[in-house]
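Okay, so here's just one chain, in structure tokens, the form predicted on its own.
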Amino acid sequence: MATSTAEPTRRDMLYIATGAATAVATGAAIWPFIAQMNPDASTLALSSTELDIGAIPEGQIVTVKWRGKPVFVRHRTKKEIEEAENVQLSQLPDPQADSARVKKPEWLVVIGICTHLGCIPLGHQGAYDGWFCPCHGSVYDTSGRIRQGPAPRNLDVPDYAFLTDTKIKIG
């Protein structure tokens, strides 16, 4: 009995070459569709923002835009810090210590969107001199914590870091 091994023919090589060319062409055709799913440059640019806080006087609130949302940066006075730290947590609808909301006591950074229906609260307003949402009456204190009204939780605190003593990076 004779055994023979089949030698590759020219046709086999053409099949392999055609399959490889098809795979490369398919990859080249699909690549733009995959690439368009990535965020564009303007979105990536908004993923973080830096702010020079050295020029913000004590007691002032500055609003910056981050990811299409307003972010309130408040340079708190000693009185505001003391009032925020001395609140009994049992009095708060969404209890959270002031120290858990700030990295440096004199600087408060919160997303400026009311947690009730997404309105923009007004600064230095309300019974606690924090923020007041005129749409439905939510009142926030100088730590961005809900004190009165229908809002279910405190103003959100974004990820942020102090790059220097006078510069912060949000996001």
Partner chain sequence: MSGPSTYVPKSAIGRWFESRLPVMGLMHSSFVVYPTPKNLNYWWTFGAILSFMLVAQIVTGVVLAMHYTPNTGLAFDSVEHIMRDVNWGWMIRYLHSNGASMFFLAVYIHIARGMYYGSYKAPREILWILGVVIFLLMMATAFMGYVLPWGQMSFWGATVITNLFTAIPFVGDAITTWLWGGYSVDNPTLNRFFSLHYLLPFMIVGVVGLHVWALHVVGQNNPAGVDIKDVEKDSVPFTPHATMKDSVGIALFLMLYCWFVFFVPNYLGDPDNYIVANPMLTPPHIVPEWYFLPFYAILRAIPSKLGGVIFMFGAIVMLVLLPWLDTSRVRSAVYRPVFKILFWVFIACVVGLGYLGSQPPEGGAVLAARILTAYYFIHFLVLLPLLGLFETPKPVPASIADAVLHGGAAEPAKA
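Residue numbers count along the first chain shown, from 1. For clarity, a rigid core is taken as the largest C-alpha set superposing within 1.5 Å between two forms. On a predicted model such as this, the values are computed, not experimentally measured, just so you know.
In what follows, reference is made to the form predicted together with the partner chain, a form of this protein that is not presented.
With the partner left out here, the partner chain still marks one of 136-144, 106-114, 33-41, 121-129 in the model of the complex; by a 4.5 Å heavy atom cut-off that stretch is 33-41. Core-superposed comparison between this form and the one not shown: the C-alpha position of residue 162 differs by less than 2 Å. After superposition on the rigid core, displacement of the C-alpha of residue 152 between this form and the one not shown stays below 2 Å. Relative to the superposed rigid core, the position of the CA of residue 27 differs between this form and the one not shown by 2 Å or more.
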